[in-house]
Ligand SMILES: NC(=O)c1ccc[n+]([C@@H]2O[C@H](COP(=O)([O-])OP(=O)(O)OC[C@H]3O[C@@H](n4cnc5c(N)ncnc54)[C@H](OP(=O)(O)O)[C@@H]3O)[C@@H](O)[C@H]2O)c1
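Encoded as structure tokens, the following chain is the form predicted alone, with no partner shown.
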Amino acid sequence: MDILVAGGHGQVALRLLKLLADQGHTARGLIRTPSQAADLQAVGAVPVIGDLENDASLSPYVKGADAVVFAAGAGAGSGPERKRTVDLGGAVKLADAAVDQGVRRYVMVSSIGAHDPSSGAGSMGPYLAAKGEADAYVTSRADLDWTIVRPGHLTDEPGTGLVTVSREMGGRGPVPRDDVAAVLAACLTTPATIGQTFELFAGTTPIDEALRF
């Protein structure tokens, strides 16, 4: 498959791109900064230079893809405005571009708490609100085969391939970035995940088994 990952230089995205490339897919990462291209090439990915936040359309980058993954984020130091232009606006643009190009498969990296933004303290509130609205936009599109993945607190612990997946919202717990990337990669080839929204934590169940909805 040809897979475009928006936010291609993120910590989860780079892990995902490496997994996809290792599996023989064409793994393309959308990045804004040309100097980041070498990091994508180092993991076997194809860098695509484009501005998720400011380009009017992402269709030129999505063209030719079989699936897209939204793994972008404004980052912890950003204000509420950028959370809306990146975490919400970028996800909406990617969805619109996918529909425009006839790409049905859309996998979204969301966040625990996105179902209840009022639970977020301080800067987390606007972030969760943006994530929640982005999820709602994507899931409202009948022309997308979507999956919404809401990871818990991200860690740099080595992945284990063992997770907990829950379709009941409101859980809390950590999850290694390695395992988030592995779950995203598995979703792309697991039709049972289409139309599913789930939280993701470290656990004791092998990923393939955890995704048998």
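In this text the structure is predicted, and so the values were computed from the model without any measurement. When you see a residue number, it is the position in the sequence shown, counting from 1.
The same protein also has a form predicted together with the ligand, omitted here; what follows describes it.
Of the candidate stretches 160-168, 140-148, 45-53, 61-69, only 45-53 contains residues with a heavy atom within 4.5 Å of the ligand in the model of the complex. Within 4.5 Å of some heavy atom of the ligand in the model of the complex lies at least one heavy atom of residue 82. Although the partner is absent from this view, residue 154 contacts the ligand in the model of the complex, with a non-hydrogen atom inside 4.5 angstroms. Interface membership of residue 33, defined by any non-hydrogen atom within 4.5 Å of the ligand in the model of the complex, is confirmed. Using a 4.5 Å cutoff between non-hydrogen atoms, residue 9 counts as a contact of the ligand in the model of the complex. Distance criterion of 4.5 Å from any heavy atom to the ligand in the model of the complex singles out 109 from the list 103, 134, 109, 94. Contacts of stretch 182-202 with the ligand in the model of the complex, defined by any heavy atom lying within 4.5 Å, are made by none of its residues.
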